[in-house]
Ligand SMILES: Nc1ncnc2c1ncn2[C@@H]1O[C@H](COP(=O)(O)OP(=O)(O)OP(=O)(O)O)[C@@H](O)[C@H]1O
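Next up: a single chain in structure tokens, the form predicted on its own.
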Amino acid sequence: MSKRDVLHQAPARAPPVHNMHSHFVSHLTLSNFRNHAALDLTLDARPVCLFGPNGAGKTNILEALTMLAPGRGLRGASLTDVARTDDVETRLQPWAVSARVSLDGEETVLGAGAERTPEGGVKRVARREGQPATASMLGEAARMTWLTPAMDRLWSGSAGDRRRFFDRLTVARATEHGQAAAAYERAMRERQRLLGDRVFDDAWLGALEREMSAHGAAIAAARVETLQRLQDAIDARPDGAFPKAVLALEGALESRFECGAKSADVEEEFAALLRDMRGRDAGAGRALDGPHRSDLKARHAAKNMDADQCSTGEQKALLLGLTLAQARALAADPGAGASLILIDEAAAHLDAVRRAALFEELLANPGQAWLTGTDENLFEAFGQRAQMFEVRDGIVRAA
């Protein structure tokens, strides 16, 4: 099967299965993606467990799924980075991901990939039911949240990592959030270019600052709503293996919304601040105020301890608890719905009790879970309630 076939043709329909999960991938095909020359999986709604040695291609399958979400996937890779790399030439070859996604009984075929341009470059393509689609259109049909081992120390890492993580949670609820963030970044870069060139044209800068303030206010408002929904879901969950977190957003615009300010007032105040701080931002070489500098903070509720002061295992447990709360919040949101949960190296830093508790939570979630691990035994608590696949050297076999 060619890359174009994978992207344009609908995957074969999976056999019917009775399962509580209302949102799941029933068929997945890959072509020329990372170390997978070709992959064709027919699935039911149960969790999908991928096991095998390090470097076998397990994470690559999760990454392929995330290419159907807004953004650049769980590794943040470029279009050429995810192409197969047997030699220098194949790095420039097209790749494709196609999935048949079921949501409340309705099936949708989604496709994403990269194709050559007439100029010899590579461009991203996305399709829904065979028709050109935006990233938001894909994201609405396949909402997902993912965790990777690199996120285990999220709470003690950089503010930028936490901000990007939280924005992904927000995009899963409100796909337009990604568009607002991209527009804000473009306006901010253009404003900084003018300031760097010492071009203090009030009309030009004013227009850019108004654009920044409008998109910035939308970004902050969406984050605040996401945080409120997440905290409600966390508080409503009974105590269990995963500790509850108390979340907070640190950011001037977010704080104004939390105090009940209206969007028009937040926009006006932010635009005035940007206008007043032109000289300072010109000297600093960057904008020092705005939602691009906000941060997400968390405290371990039971211990009343900042998350970054907790042990590695506790930080992982807090993050898993937050991810499970995100799934609950999305499922309860009429504008969103059930979401897929992807966890790379799911058993890392988890003892047998927490591992079993995680599996039970994932089985209760209305969205399908995708998990990876080095050993099939790590998933034994699932029993027959999950689908097991062995991955070796880019080859996937049902276990």
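Throughout, we count residues from 1 along the sequence that is shown. Model, not experiment: these values are computed from the prediction.
Note that the form predicted in complex with the ligand isn't included here; everything after this is about it.
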Listed residue that, although the ligand is not shown, lies within 4.5 Å of it in the predicted complex (heavy atoms), from Arg164, Arg84, His292, Arg286: Arg84
Candidate from Asn365, Ser26, Ser31, Thr59 lying within 4.5 Å of the ligand in the predicted complex - any heavy atom: Thr59
The ligand contact in the predicted complex: Glu345, any heavy atom under 4.5 Å: yes
Any non-hydrogen atom of Arg75 within 4.5 angstroms of the ligand in the predicted complex: yes
The ligand contact at Thr374 in the predicted complex, heavy atom, 4.5 Å: yes
Contact label in the predicted complex: Gly55 to the ligand, heavy atom within 4.5 Å: yes
Contact segment among 64 to 72, 32 to 40, 327 to 335, 356 to 364, judged by heavy atoms lying within 4.5 Å of the ligand in the predicted complex: 32 to 40
